[in-house]
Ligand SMILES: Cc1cc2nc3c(=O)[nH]c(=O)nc-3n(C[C@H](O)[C@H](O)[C@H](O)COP(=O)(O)OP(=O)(O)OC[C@H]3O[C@@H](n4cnc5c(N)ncnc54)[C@H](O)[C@@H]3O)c2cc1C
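Quick heads-up: it's one chain on its own, the form predicted alone, in structure tokens.
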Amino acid sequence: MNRDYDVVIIGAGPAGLTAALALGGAGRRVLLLDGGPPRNARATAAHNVFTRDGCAPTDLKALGLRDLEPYDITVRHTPAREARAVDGGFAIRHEDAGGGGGWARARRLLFASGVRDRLPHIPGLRERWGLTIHHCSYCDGWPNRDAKLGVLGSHQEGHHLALNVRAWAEEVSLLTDGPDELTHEQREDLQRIDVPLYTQPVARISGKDGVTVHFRNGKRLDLEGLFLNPTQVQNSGLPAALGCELDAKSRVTVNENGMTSVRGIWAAGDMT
């Protein structure tokens, strides 16, 4: 069924839910398109969320959706499939696998569709992602404090993440999965805080309660957890399709008010 809205919000993560709550409370007619499970759905708990520290990500999302119920907010559990600029705003097609949905019109668009992690192609890594292999040290550093940890990464990003994780644990190793390309100063940083460097290529990862890294030279390293900062890409191709400017890391460029380079379109959250 077609209906006109003040705003269509694409994405129901923390940024999209917060925007919907604010706009609903301001009396705006809002359509919120929920594109599916949150990016951190495999994690056991969300941290650094006021009053909800340790809440399961899916529970956190359910609580956020419940908060929207008093307002004039329509929630559709389907992603936006297509978006076009039309007179007076935008038209958005949202159809689920069963063929339900249709087109909606809105004066404004707010993208909060987030990013998608592009994990390294190391056998065994994806199966442990969010369980014993983590992305954010500020989310999972405290639960892994004083554990024996590894950081998978090279160049400046691996160096930076290793220094960061070292704030939580005494035993931290940096695994570069091949030539590290670290500067002399970066190597000195790691030596100063006792972070050993492993430059052997990684063959695979195993382990149930911990992480065993198997190197191609036959050696192995037993850890209790592993951190990495994977490459991230836009979860939705619609911002680019509508002409929104993206930076070199595929983030949507916004100004201090969250407005994109396209008039009438805003973006919020990790995608910016």
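So that there is no doubt, residue numbering starts at 1 and follows the sequence shown. What you see is a predicted model; the values in this text were computed from it and never measured.
This next part talks about the form predicted together with this ligand, which is not shown.
Only one listed stretch (102 to 110, 127 to 135, 182 to 190, 149 to 157) carries heavy atoms within 4.5 Å of this ligand in the predicted bound form, and that stretch is 127 to 135.
The putative spot formed by Pro123, Asp177 and Thr212 is not touched by this ligand in the predicted bound form; no residue has a non-hydrogen atom within 4.5 angstroms of it. This ligand in the predicted bound form comes within 4.5 Å of no heavy atom belonging to Gly207.
Contact check for Asp72: every heavy atom lies farther than 4.5 Å from this ligand in the predicted bound form. Within this chain, Leu65 is remote from the site of this ligand in the predicted bound form, having no heavy atom within 4.5 Å.
For the chain shown alone, Ala15 is a contact residue for this ligand in the predicted bound form, at least one non-hydrogen atom being within 4.5 angstroms. Screening Val233, Ala45, Ala240, Ala203 for any heavy atom within 4.5 Å of this ligand in the predicted bound form leaves a single hit, Ala45.
Looking at 18 to 36, the residues that come within 4.5 Å of this ligand in the predicted bound form, counting any heavy atom, are Leu33, Asp34, Gly35, Gly36.
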